[in-house]
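Single chain ahead, by itself, as structure tokens, in the form predicted on its own.
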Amino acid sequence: MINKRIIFSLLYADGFFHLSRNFRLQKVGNVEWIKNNYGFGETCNFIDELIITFVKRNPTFEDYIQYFDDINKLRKKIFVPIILGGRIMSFKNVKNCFLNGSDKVLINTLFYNDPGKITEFSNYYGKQAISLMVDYKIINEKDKLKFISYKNCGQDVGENIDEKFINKINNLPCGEVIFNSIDNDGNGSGINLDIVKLLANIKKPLLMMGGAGKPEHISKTLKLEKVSGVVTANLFNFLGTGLKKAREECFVSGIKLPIFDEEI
């Protein structure tokens, strides 16, 4: 049985980390704030990976410099694999992520606009270095749930999530796929699991994101055989002791996670 994963996600723009609620951003603090107020290095002892997503729209060259500078400050405090993403549109973007400590890159809009470039990235770095993020909404159409993907930070409609869409993912040279609920984003009400049945034929490791507000939400989702990991970006609910409690809840529930020295 393959170990499951708990992944934390940070959203970054203009020198600050943000909370997100239905993809509306709220600025909360800079690198020093997150280190000093949440002991971020210690917090990362209880996660398996960290995602840092650059959420600024239309960034300048100077914005990228600041982004990577802050990532490198944060990296001094953490020792888990890092996934960098946001505005990944070119090989140069990908190369800069890896030069600044990334173990994987997170792809979203490029999947819809130019999937051939993802093949280019994969040929160079390996498919295990590519994570696909699918942002989606659920629409009730004539008492039937319809799942729609979105691109460009949730601004534009992508494609219907159906068997054709799933086959497209299966044929993509990526190592995993994250399904992120725009409807549940930041509300702490629980992860929407209705979509998991629809994703039964996905041949990639499947991770769920959007709505985790307490440890039970993470353990409930990881109990599903199809789900390989849970991602949460909920700063206030999970930093501090929240991620430790979530990990402990998973162990109590019999979920197989990687075991760290402190846990032993």
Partner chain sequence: MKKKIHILDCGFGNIESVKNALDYLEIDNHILDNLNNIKNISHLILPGVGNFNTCIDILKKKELIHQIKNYVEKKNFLLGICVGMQLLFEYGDEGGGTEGIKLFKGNCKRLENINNLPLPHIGFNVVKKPNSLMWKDINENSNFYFVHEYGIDENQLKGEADIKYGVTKYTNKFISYVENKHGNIFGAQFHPEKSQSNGLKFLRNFSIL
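Residue numbers count along the first chain shown, from 1. Computed from a predicted model, the values in this text were never measured in an experiment.
There is another form of the same protein, the form predicted together with its partner chain; it is not shown, and what comes next is about it.
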### Query
Only one of 109 to 117, 189 to 197, 126 to 134, 154 to 162 gets a heavy atom within 4.5 Å of its partner chain in the predicted complex; which is it?
126 to 134
### Message
Can you work out whether residue 138 and its partner chain are in contact in the predicted complex, taking contact to mean some heavy atom pair no more than 4.5 Å apart?
### Response
no
### Query
Is there any non-hydrogen atom of residue 213 lying within 4.5 Å of its partner chain in the predicted complex?
no
### Query
Might residue 80 be said to contact its partner chain in the predicted complex, defining contact as any heavy atom within 4.5 Å?
yes
### Query
Contact between residue 90 and its partner chain in the predicted complex at 4.5 Å, heavy atoms?
no
### Message
Please identify the residue among 208, 52, 47, 222 with any heavy atom within 4.5 Å of its partner chain in the predicted complex.
### Response
47
### Task
Look at the candidate spot formed by 2, 103 and 122 and say whether its partner chain comes within 4.5 Å of a heavy atom in all three of them in the predicted complex.
yes
### Summary
When its partner chain is considered in the predicted complex, the residues of 193 to 213 having a heavy atom within 4.5 Å of it are 203, 204, 205
